[in-house]
Structures are given as C-alpha cells and as structure tokens.
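A single chain, nothing else alongside it, follows as structure tokens in the form predicted alone.
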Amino acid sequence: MTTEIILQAVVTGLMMGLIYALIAAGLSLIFGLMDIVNFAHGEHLMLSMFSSFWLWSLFGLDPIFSIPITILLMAFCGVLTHYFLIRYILKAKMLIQICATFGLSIFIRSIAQFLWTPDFRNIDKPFLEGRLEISGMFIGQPQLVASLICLVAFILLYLFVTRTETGLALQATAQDRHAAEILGIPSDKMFAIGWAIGLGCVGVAGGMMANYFFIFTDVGINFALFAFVAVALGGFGSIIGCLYAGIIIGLVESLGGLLIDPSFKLLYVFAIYLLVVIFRPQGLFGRY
C-alpha cells in the first residue's frame, strides 16, 4: 500500500466529512433550538436531491446553478413543516414528538415512491465532471466542488448564528424561550427560521450530491444515520462540533475501509458512536 493511496483515502474522507458535517449541522440546529429530533432529516435530503434532478430534467438547470432554488424550496419546506406539524407537538411528550417526525419521514418517503417510483436516477453529463490529478492522487471535480461549497455554507451558517442579530436571537431562544419572549423575541418565528435554515443546509448538501450520487427515494437513510452519529459525537446543539464530527466520520469511514476491511466500514463509524454514548454522552463539544 503506497503513500498516495493513503493520502487519496484521507482526501476522500475529508470531502465526504464536510458533506456529513453540513447535513448534521441542520439537524443539530433544529434540535438545539427546539429539543426535537427530526427523524425525517434523511427524507428532506432526498427531496433536495430530487428537486435538483427535476430542475435539471424539466428546465435544463444544472444542480450547481439551481442550488439557490433548491435552498429556497427546502427552506419553504422547513417553514411548512413547522407551522403544519411541529408547532402542535412542541409541548407534547417526547414519545409523541418522536412518533410525529418518524411518521413524517414515512409519509414523505411513501409519497416520493408513489410519485417517482423507487427507480434510480442520475444527472446525465453534469456541468462538473472529470477528475483532477494532484501528486498521484485523483480527485473528482464534482466531489471537490461539493465539499468546498458545503464548507463555505457551514462557515456562513456559523457566522450567521454567532454574529448576526437573528442568530443571537436563535441562541437566546434555544437557551430559554420564555425569557426570550419576555425580551420581545418571538419564539414561534425563531422556530420557523430554525427549520428553514436547517433544511436549507440539507438543500445545499443534497443539491451538490445530485451531481454524482444516484438519486432514489431511500437515498437519505444512510446520510441521516451518519448525521445522527455526527450530532451525538460533536454534541447536541453544537454547530462547530458537527464540523469536527463530520470530518472524523468521513476519515474513519474512508481509512477504515482501506486499511482494515471495506465491508465493515460502517461498523467502525457506529462503533465510535457507541463509545461516545458510553464514555462522553454529551459529545465532544456538548454542554449537557
């Protein structure tokens, strides 16, 4: 095994890790804001990929150019999810909240299978294709651009949450919604914004992955599982924790499959999840 092969695996892991991180950041933002786990997160990722596909199929828009439209569509989907479902279960027991979002995932997937069938689809001849050769390593252009755009989106999300007035209002609502309401911050509006931003992150990741991933109705399941692991590893509600956790997961998946056995690469990722749950349940950057 040569150094180039190991470096190739590291680069591949980093690129996938950045995508995992952005998907997990949307999930973590929603949980940190409302203490509700969105079990339909993978289905929302699937919707974003199908949005990019149909924009390409019907209007000829390449996924990289239709990203703004996909983000707006997913943000609108997040607002609808909040106002038509989540707001009614905010004060319900945790079991009801879990059943509601899990039921939403089944509903979205079933509707998608009914409308679009379980067939696999892909973007034919996308704007980004081919690969780059750097010091003996081969890097796919779609994967490279997707990871860089996800990194930029992650940085913008972090700056928005930590540096803007709306972002600080989101943090205040997450810490104590009743105190925030006393200070004039409308919690219901903040929750809707949180869902819009969370699914907007999924829109970026899904739109970019549509360039090189097969698009089908169950595509979001594995990514949702990795997102849950990343949120648990980074710390529930910690956005910056999702970045480190996503990169760790990407590297473990890639290097574990190369150095040990590729058929068990998912096992290594979930083993990390179990270790975190046992020895540090609050995650690397979690406070509780």
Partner chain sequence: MDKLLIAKSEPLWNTDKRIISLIGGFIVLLFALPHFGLNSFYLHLMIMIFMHAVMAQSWNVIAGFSGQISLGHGAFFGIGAYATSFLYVQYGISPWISIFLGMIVSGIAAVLIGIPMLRLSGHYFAIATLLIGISFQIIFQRWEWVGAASGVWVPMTSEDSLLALQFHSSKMPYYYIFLVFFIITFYLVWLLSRSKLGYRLRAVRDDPQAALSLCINVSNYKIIAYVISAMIMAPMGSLFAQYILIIDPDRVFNIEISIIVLLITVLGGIGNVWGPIVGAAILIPISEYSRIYLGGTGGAVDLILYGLILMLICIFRPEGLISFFPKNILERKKQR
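Residue numbers count along the first chain shown, from 1. Nothing here was measured: the structure is a model prediction, and the numbers come from that model.
One more form of this protein, predicted together with its partner chain, exists but is not displayed; see below.
Using heavy atoms only and a 4.5 Å cut-off, decide whether all three of L80, F214 and F223 touch its partner chain in the model of the complex. Checked in the model of the complex: no contact with its partner chain for any of the three.
Residue-level contact is defined here as any heavy atom of the residue lying within 4.5 Å of its partner chain in the model of the complex; does D62 satisfy this criterion? No, D62 is distant from the partner.
Consider I67 of the chain shown here, and say whether it contacts its partner chain in the model of the complex, taking contact as heavy atoms within 4.5 Å. No - in the model of the complex, heavy atoms of I67 and its partner chain never come within 4.5 Å of each other.
4.5 Å heavy atom contact, V10 to its partner chain in the model of the complex: Outside the cut-off, so no.
Does the 4.5 Å heavy atom contact test between V229 and its partner chain in the model of the complex come out positive? Output for V229 is yes: heavy atoms within 4.5 Å of its partner chain.
Which one of I111, A172, L72, L148 is close to its partner chain in the model of the complex, taking close to mean a heavy atom within 4.5 Å? Exactly one listed residue reaches within 4.5 Å, namely I111.
Ok, L144, V152, I89, M137: which has a heavy atom sitting within 4.5 Å of its partner chain in the model of the complex? After the contact test, the surviving option is I89.
Exactly one stretch in 41-49, 28-36, 54-62, 247-255 has heavy atoms within 4.5 Å of its partner chain in the model of the complex; which is it? The contacting stretch here is 28-36.
Could you pull out the residues of 91-107 that have any heavy atom within 4.5 Å of its partner chain in the model of the complex? Counting only heavy atoms within 4.5 Å of its partner chain in the model of the complex, the contacting residues of 91-107 are M94, L95, I96, I98, C99, A100, F102, G103, L104, I106, F107.
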